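Each of the two blocks below gives one form of the same protein chain as structure tokens; they are labelled structure 1 and structure 2.
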Structure 1
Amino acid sequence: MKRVGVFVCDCGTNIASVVDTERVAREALEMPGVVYATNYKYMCSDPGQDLIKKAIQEQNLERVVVASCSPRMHENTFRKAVGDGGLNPYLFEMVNIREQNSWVHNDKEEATRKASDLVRMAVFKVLKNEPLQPGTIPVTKRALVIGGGIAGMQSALDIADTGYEVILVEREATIGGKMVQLDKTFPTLDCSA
């Protein structure tokens, strides 16, 4: 079984005022694969990140779960910390127990139970994670515009003005779409041709 570390953030009082983070950490220790669990006041701070890096080394952790705020805010922060600790950054899962839990609950018992459930789900997921490597794929800077009406022609011109090669495809023998069927255009009554 992989060795998992769980880190629960108090987020000052943002999380800890509604969620018993110490209890969530204690309950995490009973989950399959979890060999280390703790809570900390601000996990995203430098000392919090150092705590993760140090635990990876000292506890020989192979997977990491962080229960804190939104991944949108700090997922990259924690991925970097996990990578700096010596693990593949994709052997990490993040649980949002702030916006999706403490901010929407008033009942501390209910919020704590929900936080433990969210952590449990993340632990089971991280056990199935595989190491990934970022890659790059060469891109040919070319665009295909389908439809030679006014919108298609304008799109093709705009893209071409940025320096990309453009291929314009029209099923009819001429371009212009519905515009060529009109006599005059509003509001200037210009000839549509």
Structure 2
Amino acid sequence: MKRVGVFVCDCGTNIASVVDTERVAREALEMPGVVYATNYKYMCSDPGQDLIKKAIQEQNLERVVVASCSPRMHENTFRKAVGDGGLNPYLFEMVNIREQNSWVHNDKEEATRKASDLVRMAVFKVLKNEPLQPGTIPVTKRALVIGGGIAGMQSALDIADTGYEVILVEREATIGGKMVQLDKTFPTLDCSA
């Protein structure tokens, strides 16, 4: 069985005020493969990430589970930490115990039980994870800007000034958008053309 480490985040009080993170970590130690589990105030902080990296090395972890906020928020952060710790970044799973748990439930017992269930779910999954390698694709270094108002003009100029080609498509016969219809503009009252 692969050696799994579980890291439970308090997120200050965002998670810990509803979910008993210490208990979740304790219960995680009973799950298959889990050899190390702990909670910490802010897992995404530098010391939090160091904790993960150190544990990977000291505990010879082969799989990592982080229970914290939504993966849509910090999946890449932790993936990078796992990679820096010496593991393939995809031997990692994230558990959402903030957006989908502590923020939407009041009952501490139920929320804590749910958190443990979700951690178990991730542990079961991560045991089946395989190392993955990103592929590469080429990039055409030209940009298309659709709309030639102030937004499109500013973007086009900035991109063009970095040295890349820009194609600007405007459906009217002139660029400028609404701004050229204005007289003077707040807050400076300078002209708008």
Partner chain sequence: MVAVAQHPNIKMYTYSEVEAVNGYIGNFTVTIRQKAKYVDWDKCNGCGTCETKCPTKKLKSEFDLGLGNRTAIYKAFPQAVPNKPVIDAENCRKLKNGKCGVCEKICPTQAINFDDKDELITENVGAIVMATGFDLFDWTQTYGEYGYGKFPDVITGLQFERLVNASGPTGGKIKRPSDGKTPQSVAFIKCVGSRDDTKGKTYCSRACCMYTAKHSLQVLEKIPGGEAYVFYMDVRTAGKNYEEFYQRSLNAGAKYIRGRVSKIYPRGDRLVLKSEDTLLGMPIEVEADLVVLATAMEPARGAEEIAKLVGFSTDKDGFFQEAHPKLQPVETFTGGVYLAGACQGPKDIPDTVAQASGAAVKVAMLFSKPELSTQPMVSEVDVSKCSGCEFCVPICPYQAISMKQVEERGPKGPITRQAAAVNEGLCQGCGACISACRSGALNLKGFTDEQILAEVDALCL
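Heads up, when I say rigid core I mean the largest set of C-alphas that superpose within 1.5 Å between the two forms. For numbering, take structure 1's sequence and count from 1. Just so it is clear, the structure is predicted and the values come from calculations on it, not from any experiment.
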Assignment: the form predicted alone: 1
Threshold 2 Å Cα movement between structures 1 and 2 at Glu165, rigid core reference: yes
C-alpha of Pro138 off by 2 Å or more between structures 1 and 2 on rigid core: yes
Domain reorientation between structures 1 and 2, expressed as the smaller rigid part's turn in degrees: 47
